[in-house]
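Shown here is one chain on its own, the form predicted on its own, set out as structure tokens.
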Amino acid sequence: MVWFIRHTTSSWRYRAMDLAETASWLQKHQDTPAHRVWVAVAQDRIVGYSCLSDFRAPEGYWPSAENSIYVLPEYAGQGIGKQLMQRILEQAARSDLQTIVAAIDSGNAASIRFHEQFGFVISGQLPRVGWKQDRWLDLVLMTCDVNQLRRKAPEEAKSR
């Protein structure tokens, strides 16, 4: 989302994707059932999205996916992010994925706490691997064991 690119280090992109790049990105996600894109709409406006994407390019990484969750700041705190996260966690549990990776700017304590609520654990930190807003950025890698999600699903179904 353009706002995050311009104003934060939540995204390390310098520019938004153009229409052709966006269409290609969406098509790739539509073609991969475990990587569907979920969109939150409020007042006829897209206010957030979540998805899983390839963690890394070589095919040996297929059992892992990287998550993305963005909610516009004026809609934060309304449970939209939690709903979007729940969608991708359910999607992952139905797939053959084993691990979800969250790559988060180390200064984004709110995102780290958010991911911890869903069972993500800090698995490492990469210092000075990014540059944005005239400063070096450290990357925190968090992981979620999808098998833990699969084990929780039957328990949660029983409690309903």
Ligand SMILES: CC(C)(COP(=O)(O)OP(=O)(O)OC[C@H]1O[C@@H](n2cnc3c(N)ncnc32)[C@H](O)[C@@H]1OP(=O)(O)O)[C@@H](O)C(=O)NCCC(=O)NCCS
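Numbering starts at 1 and follows the sequence shown. Just so it is clear, the model here is predicted, and its values are computed rather than measured.
Omitted here: the form predicted together with this ligand. The next part is about that form.
**Student:** Just one stretch in 92 to 100, 130 to 138, 27 to 35, 105 to 113 has heavy atoms within 4.5 Å of this ligand in the predicted complex, so which one is it?
**Tutor:** Residues of 105 to 113 come within 4.5 Å of the partner.
**Student:** Applying a 4.5 Å heavy atom distance criterion, does F55 contact this ligand in the predicted complex?
**Tutor:** No.
**Student:** Does any heavy atom of S68 come within 4.5 Å of a heavy atom of this ligand in the predicted complex?
**Tutor:** Result yes; S68 sits at the interface with this ligand in the predicted complex.
**Student:** With the partner left out of view, is Q117 within 4.5 angstroms of this ligand in the predicted complex by any non-hydrogen atom?
**Tutor:** Close contact exists here: in the predicted complex, Q117 approaches this ligand to within 4.5 Å, heavy atoms only.
**Student:** In the predicted complex, is there a heavy atom of this ligand that lies within 4.5 Å of any heavy atom of T143, even though the partner is absent here?
**Tutor:** Close contact is absent here: in the predicted complex, T143 is far from this ligand, nothing within 4.5 Å, heavy atoms only.
**Student:** Decide yes or no: are Y61, P63 and Q148 jointly within 4.5 Å of this ligand in the predicted complex, with each residue judged by its heavy atoms?
**Tutor:** No, none of the three is in contact.
**Student:** Heavy atom within 4.5 Å of this ligand in the predicted complex: which residues of 1 to 27 qualify?
**Tutor:** Contacting residues: F4, S10.
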